[in-house]
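As structure tokens, one chain now follows by itself in the form predicted alone.
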């Protein structure tokens, strides 16, 4: 009977423990955790403070989507930047090249964890995005019958807004709060892009074609309307103002413009 001694191969758990016992991995991981925490703060607090005031359900959904996507991507960004920071801080100096480190691509445990974690985060992002898209579509279908129609026309370099129900046109975008709005957007010359910033809507205005988009202003406040597509020499100045106001204020404004209220 042979007395030869055979060493058992380490288990995946033992391999993982051995990896994290290495000081360079510990330091890089600590940097990764710090970077992840920073991106959580940026996504949850700094991004919303930089964004325009949300005056519609769509803008609020966009704000929420940016925050959540930042949180989802934070761990991946933390891992990559953590190891990048460590590598930069401990970069080799001198003329003699260092010995090659252990190959990561041939380490099934590290590769497996990376694939599983990144795939799970991507799946969460896709599922959440689809849920947001479906909820927006459902809200649009429900609001069609009661929507205020605004016909938006872009021309070099002016926005015009026609209110067919009220019977007048304006170069300012005024909307009543808590009433769905249906924008019918077109152009009389080159392509423009209709962007009422605080409403979270941005749609191309194409010549000889009408594009329809819906939203629901749910908060009173000022609007900025810009063109988001290069449309000529004075593209930068193709902007106007507007406001989301109470129904009473909107009716008064309609009357002062020579229109009629419902």
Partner chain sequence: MSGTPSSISGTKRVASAVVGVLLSVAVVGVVGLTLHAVSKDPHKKLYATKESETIVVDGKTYPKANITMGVYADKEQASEDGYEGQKNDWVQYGPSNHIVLPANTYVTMTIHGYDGGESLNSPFFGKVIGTIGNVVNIDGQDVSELGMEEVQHTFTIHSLPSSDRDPLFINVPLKKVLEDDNGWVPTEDPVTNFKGHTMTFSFLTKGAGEYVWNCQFPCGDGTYAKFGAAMSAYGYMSGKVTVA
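Not measured: the values here are computed from a predicted model. Positions refer to the first chain, counted from 1.
From this point on, the text means the form predicted in complex with its partner chain, which you will not see here.
- Shown alone here, residue 149 lies farther than 4.5 Å from its partner chain in the model of the complex, counting heavy atoms only.
- Of the heavy atoms in residue 246, none are within 4.5 Å of its partner chain in the model of the complex.
- Contact check for residue 166: every heavy atom lies farther than 4.5 Å from its partner chain in the model of the complex.
- Contact annotation for residue 60: none of its heavy atoms lies within 4.5 Å of its partner chain in the model of the complex.
- Contacts between stretch 170 to 200 and its partner chain, counted in the model of the complex as any heavy atom lying within 4.5 Å, involve 170, 171, 188, 189, 190, listed in sequence order.
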